[in-house]
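Only one chain is shown below, in structure tokens, and it's the form predicted alone.
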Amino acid sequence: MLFFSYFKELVGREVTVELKNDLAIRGTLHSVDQYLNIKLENTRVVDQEKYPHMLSVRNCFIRGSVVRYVQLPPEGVDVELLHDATRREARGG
């Protein structure tokens, strides 16, 4: 639940999602659920030459199980909040 709560705070911000098949998609985070399924709007592919068939995709739903990484904007990362939440999670509280 730690990451779900954190990602909910990032709704409306631009993120880059890298999938397990090496496709990286940048877009505005519209929603995320408890399974870390992600809906992006205003998307664009990072490597457009490698994935030209994805140029027309503007909105997408990404199943959480195919996500490798989510790159966050630097200003969107509250390191202290993450440290505190991680400590609470480790203690079971």
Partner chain sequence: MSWAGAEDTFLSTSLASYLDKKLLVLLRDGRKLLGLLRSFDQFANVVLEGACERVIVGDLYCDIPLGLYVIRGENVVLIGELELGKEELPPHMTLVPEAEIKRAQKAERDATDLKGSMRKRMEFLDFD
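Numbering follows the first chain given and starts at 1. Note that this is a predicted model, so its numbers are computed, not measured.
Omitted here: the form predicted in complex with its partner chain. The next part is about that form.
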item: 4.5 Å heavy atom contact, Val57 to its partner chain in the predicted bound form; value: yes
item: Contact flag, Val15 vs its partner chain in the predicted bound form, heavy atom cut 4.5 Å; value: no
item: Leu23, heavy atom within 4.5 angstroms of its partner chain in the predicted bound form; value: yes
item: Non-hydrogen atom contact Leu19 with its partner chain in the predicted bound form at 4.5 angstroms; value: yes
item: Partner contacts in the predicted bound form for 59-74 (non-hydrogen atom within 4.5 angstroms of its partner chain); value: Asn59, Cys60, Phe61, Ile62, Arg63, Val66
